[in-house]
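This document starts with one chain, in the form predicted alone, laid out as structure tokens.
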Amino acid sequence: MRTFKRSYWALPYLIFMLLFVALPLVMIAVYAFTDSSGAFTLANFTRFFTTAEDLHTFAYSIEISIITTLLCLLLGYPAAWILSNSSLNRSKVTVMLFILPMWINMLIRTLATVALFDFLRLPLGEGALIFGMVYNFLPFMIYPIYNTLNKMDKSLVEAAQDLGASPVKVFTKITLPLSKSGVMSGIMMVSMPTISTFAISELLTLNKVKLLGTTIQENINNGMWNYGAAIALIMLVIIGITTLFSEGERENESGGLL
């Protein structure tokens, strides 16, 4: 009987990656660097960087992303720390309650937020948008930080306490530095999607506030695939550079700890 190499088992995953990851990225690049007739052009990128409205939308999307990420970090880090502290949280059910919203479709959660604002007779707009962003993406900040804190060697904290370190020093010198990787992961998981989302902004602002994801959607829906692909490619480049930067920070952090 002929035996298969272990590498053969990776073929289904390789085919999946090629069809649903690599091919779409190649198509985005092809559309971005061509015009409607298929000829090579840089006009799509020139148009983006010379259109004041699109640049304003891009800057505004980054602003909303920064606000959302900071709020999620301020709310998420204490929650993750409490969840990972056995003396403060003795039940795994509490962790499940924080993670549970991730199991529900984001569109359904956003529609529920719209219904909540309507019930409380609160106006939909920028405030509702930020609230909805934080509500939707907060679990994505809590979970990586909780995961990092939960795996942290608790003996380091105990050793610092035995040596007379105050709770503030224990946190700033041990807990916070060792949880940086979780914080960076949380920031990436929150900041990048908030820039490119469009459903949340459309529903929670009645389409009055436009983010970069909305611009991409409008261009594609109107048949302007090339310009929409160019904006999407710019987004991908920004995400890639940010990811490389965060990975470099993690390597420096690991080297410093060693």
Partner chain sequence: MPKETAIIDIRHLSKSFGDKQVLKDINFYINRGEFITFLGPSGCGKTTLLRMIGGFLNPDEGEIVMDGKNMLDIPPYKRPFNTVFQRYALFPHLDVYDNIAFGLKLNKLPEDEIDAKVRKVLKMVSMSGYEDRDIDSLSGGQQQRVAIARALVNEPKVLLLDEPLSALDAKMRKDMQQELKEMHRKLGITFIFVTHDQEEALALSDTIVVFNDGVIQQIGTPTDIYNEPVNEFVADFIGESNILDGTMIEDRKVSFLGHEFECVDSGFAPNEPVDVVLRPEDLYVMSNLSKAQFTAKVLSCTFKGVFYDIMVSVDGGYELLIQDYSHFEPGSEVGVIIKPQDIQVMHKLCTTNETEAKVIDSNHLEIFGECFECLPLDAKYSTGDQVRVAIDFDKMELQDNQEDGTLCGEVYFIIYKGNHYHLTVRLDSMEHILVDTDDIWDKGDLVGISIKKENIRIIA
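Numbering follows the first chain given and starts at 1. Since the structure is predicted, the reported quantities are computational estimates derived from the model, not experimental observations.
This protein has a second form, the form predicted together with its partner chain, left out of what is shown; the following refers to that one.
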* Please run the contact check for Asp118 against its partner chain in the predicted bound form: heavy atoms, 4.5 angstroms, yes or no? => no
* Asked: Ile108: heavy atom within 4.5 Å of its partner chain in the predicted bound form?
  -> no
* Asked: Do Val93 and its partner chain share at least one heavy atom pair within 4.5 Å in the predicted bound form?
  -> no
* Asked: Is Asn89 close to its partner chain in the predicted bound form, meaning a heavy atom pair under 4.5 Å apart or at it?
  -> no
* Asked: Which residue among Gly127, Pro167, Pro101, Pro78 has a heavy atom within 4.5 angstroms of its partner chain in the predicted bound form?
  -> Pro167
* Only one of Leu156, Leu122, Leu74, Ala112 comes within 4.5 Å of its partner chain in the predicted bound form by heavy atoms, so just point that one out. => Leu156
* Asked: Taking the partner as it appears in the predicted bound form, which of 140-148, 93-101, 78-86, 170-178 has residues with heavy atoms within 4.5 Å of its partner chain?
  -> 170-178
